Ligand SMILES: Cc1ncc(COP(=O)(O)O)c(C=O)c1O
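The chain below stands alone and is given as structure tokens, in the form predicted on its own.
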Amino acid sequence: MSIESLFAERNAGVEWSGIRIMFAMADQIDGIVNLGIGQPDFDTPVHIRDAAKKGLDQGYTRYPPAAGFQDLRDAVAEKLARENKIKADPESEIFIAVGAMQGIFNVMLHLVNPGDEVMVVDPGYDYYSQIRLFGGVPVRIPAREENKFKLDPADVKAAITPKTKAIILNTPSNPTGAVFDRDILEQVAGLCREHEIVVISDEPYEHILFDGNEHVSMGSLEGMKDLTVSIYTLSKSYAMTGWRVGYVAGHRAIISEMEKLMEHMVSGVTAVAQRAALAAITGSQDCVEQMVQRYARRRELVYEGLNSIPGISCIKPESTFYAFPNISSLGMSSWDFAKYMAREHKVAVVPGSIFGENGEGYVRISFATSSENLEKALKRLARGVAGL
């Protein structure tokens, strides 16, 4: 008998992250330039780190409340009302989570039954394992390059069945950098209200926008507050990926279930990390603006560099710190191209197929690294493509 034979059947629905597979490969290659990392390359701003140090001295080293400290939930409520136009009761409609990922996991657990269909954007972030873990069925909604990778509400309408339980929306979008316009979201909202479909709105890149693009939170639209679970993280905006703090806004019944489960999972988000989060949300936002300005300059470098390589084309991302270039004319799968570039030319990119069937023919490139690294990587990409 093998220990694997004793595993729960639901484990089969969970796959290793393709991004992690690429990371592992890159880690074994000396001198590689890694453009696969989806995290800011900046240090957490000083005032946020100082708040954590102060929190330690103040004794924030014990069990925190399962839903998060009340002053942090109050601050989140003020931020949501001010920036996202979402009114949420800080006592009953806001939950402090271990990053956005735990928020998404918990929502899936509470909403998805075996056989329920959950619509996901393709290409888009990999939510498939979380859906399948609870017996759900992912339904792919295409996002096309000719539409700047924006969602077409007609495709959403065509995919709705009596089994449709939810739709996951990630805007600004990983990996494409697309921003779903207000009109698109209004049309999708109308479909969700008509068919009582829950929107799981994953909004980690809400502040990383370029060219005057506007981020619209689905939960702010008319009639959508109770049908939307809005999920945020401090990881991207404040360079806090390792602090593991996010927050969720939703109907009080869902938040109550999340709080109840938290006691059985991890008790609560690390107390001192919550003090850092409070400083991030309530303090000066200049640090966010400065990081976005740096990303904007790097975006231009990557956009021009990629489009100067024969055989590669790339639309300009509207948000995030990702570019999603088209490599389909090179005659290689996205995995083969990524392996070739890593092993032969020491530059790591993420295969587009990781992000769905419609991601084949593309790769994701992160420009959350220095301009020096980006210039070096672009030269290696050009050399690698020329050698095909």
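Just count from 1 along the sequence shown to find any residue number. On a predicted model such as this, the values are computed, not experimentally measured, just so you know.
Unshown form predicted together with this ligand; subsequent notes refer to it.
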Any non-hydrogen atom of residue 138 within 4.5 angstroms of this ligand in the predicted bound form: no
Heavy atom of residue 244 within 4.5 Å of this ligand in the predicted bound form: yes
4.5 angstroms heavy atom contact with this ligand in the predicted bound form for residue 93: no
Partner proximity in the predicted bound form: residue 101 to this ligand, non-hydrogen atom cutoff 4.5 Å: yes
This ligand: the contacting residue among 180, 210, 127, 134 in the predicted bound form [heavy atom, 4.5 Å]: 127
Contact residue in the predicted bound form, from 204, 268, 153, 305 (heavy atom within 4.5 Å of this ligand): 204
Answer range among 311 to 319, 74 to 82, 153 to 161, 236 to 244 for contact with this ligand, defined in the predicted bound form as heavy atoms within 4.5 Å: 236 to 244
Residues within 4.5 Å of this ligand in the predicted bound form, restricted to 35 to 73 and counted by heavy atom: 38
